[in-house]
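Here you get one chain, nothing else, as structure tokens; it is the form predicted on its own.
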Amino acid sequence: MRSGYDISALLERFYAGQVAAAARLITILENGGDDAEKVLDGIFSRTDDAYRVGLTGPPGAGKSSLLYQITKRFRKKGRKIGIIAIDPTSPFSGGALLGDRIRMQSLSEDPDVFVRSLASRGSLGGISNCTDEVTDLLDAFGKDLILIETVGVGQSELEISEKAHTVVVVLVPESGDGIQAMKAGLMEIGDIFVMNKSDHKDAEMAAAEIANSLRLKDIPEGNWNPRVILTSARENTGIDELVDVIEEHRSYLEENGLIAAKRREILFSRVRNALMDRIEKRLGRSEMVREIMKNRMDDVYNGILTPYALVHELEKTVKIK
């Protein structure tokens, strides 16, 4: 079945710097399928130049406001920026609930800033299933800094560590985010911790709690020590320090030869996820799998067969082993 897209022509316009072509190619990536793979094959050799920063943390922490302020600072440094804002998915349309992102409109007026909202579409990691692909596209489009803002779904934020060179965890004092961050495992993935809304009376105490928790971690000598920064996106304070520390973390990775290692991690994650997606789709299309599930679930329910025994049976059916 023909898609109606001339991928070669779109890529030609894309490399000529046409924003409309970039937007259309992102839509193709979101839709997946053969056309998406053609796009990715076409751009892959032009990727690996952009530095990737992930902003994660619970809902209401002010990630979007902080992202806006960070972008303005990096633009003053002359950076060409791509922004990927992951939004919660509408259960009715499958689209991004916050797709308009009014607060980002002024950034979109800058020709060197490309803003795109992506729907999470049920991804448990607070990110879209095509985040990697869109990041690569913006990289190939000439953006040298890509900022990725996750949905903010609490304990499922950890996937961003597989997609970004620097992970910024954004927290706020009034909701006990420090404790929640420890429970959710965010302490393990954060390179920089931001206690936003620093004008709050409990902000300094909350930041101290995070700093104390980080000191308990067994960080080998010479490794990066995560920083804790107080900011207020509303008051526009602490942003310069945050940008400086992001730059410092990047320098640390470059000076220690860790950028290449991080890229290998990112690519390994992509191959693994693509493979798992193919396996899942294959299972979903298999009439034989559906028939076995239908006929054998009664045996599981009645205790004749264990769930794991049925899984082994299914593995043999689709020849996974």
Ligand SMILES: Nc1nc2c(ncn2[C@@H]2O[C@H](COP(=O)(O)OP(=O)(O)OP(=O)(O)O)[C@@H](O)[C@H]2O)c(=O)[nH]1
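Predicted model, so just to flag it, every value in this text is computed and none were measured. For every residue, the number given is its place in the sequence shown, counted from 1.
The protein also exists as the form predicted in complex with this ligand; that form is not presented, and the subsequent description refers to it.
Chemist: Can you check whether Arg234 is within 4.5 Å of this ligand in the model of the complex, heavy atom basis?
Modeler: Taking the distances in the model of the complex, the answer for Arg234 is yes, it comes within 4.5 Å of this ligand.
Chemist: Spell out, yes or no, whether the shortest heavy atom distance between Ala61 and this ligand in the model of the complex is within 4.5 Å.
Modeler: Residue-level check for Ala61: yes, a contact with this ligand.
Chemist: Does at least one non-hydrogen atom of Asp199 fall within 4.5 angstroms of this ligand in the model of the complex?
Modeler: Looking in the model of the complex, residue contacts with this ligand include Asp199, since a heavy atom lies within 4.5 Å.
Chemist: Can you work out whether Thr47 and this ligand are in contact in the model of the complex, taking contact to mean some heavy atom pair no more than 4.5 Å apart?
Modeler: The answer is no: Thr47 has no heavy atom within 4.5 Å of this ligand.
Chemist: Only one of Leu186, Val151, Ala164, Leu118 comes within 4.5 Å of this ligand in the model of the complex by heavy atoms, so just point that one out.
Modeler: Of the candidates Leu186, Val151, Ala164, Leu118, Val151 is the one lying within 4.5 Å of this ligand in the model of the complex.
Chemist: By the heavy atom within 4.5 Å rule, which residue out of Glu159, Asp144, Asp87, Glu209 makes contact with this ligand in the model of the complex?
Modeler: Selected option: Asp87.
Chemist: Heavy atoms within 4.5 Å of this ligand in the model of the complex: which of the stretches 222-230, 242-250, 190-198, 134-142 has them?
Modeler: Looking at the other structure, the answer is 190-198.
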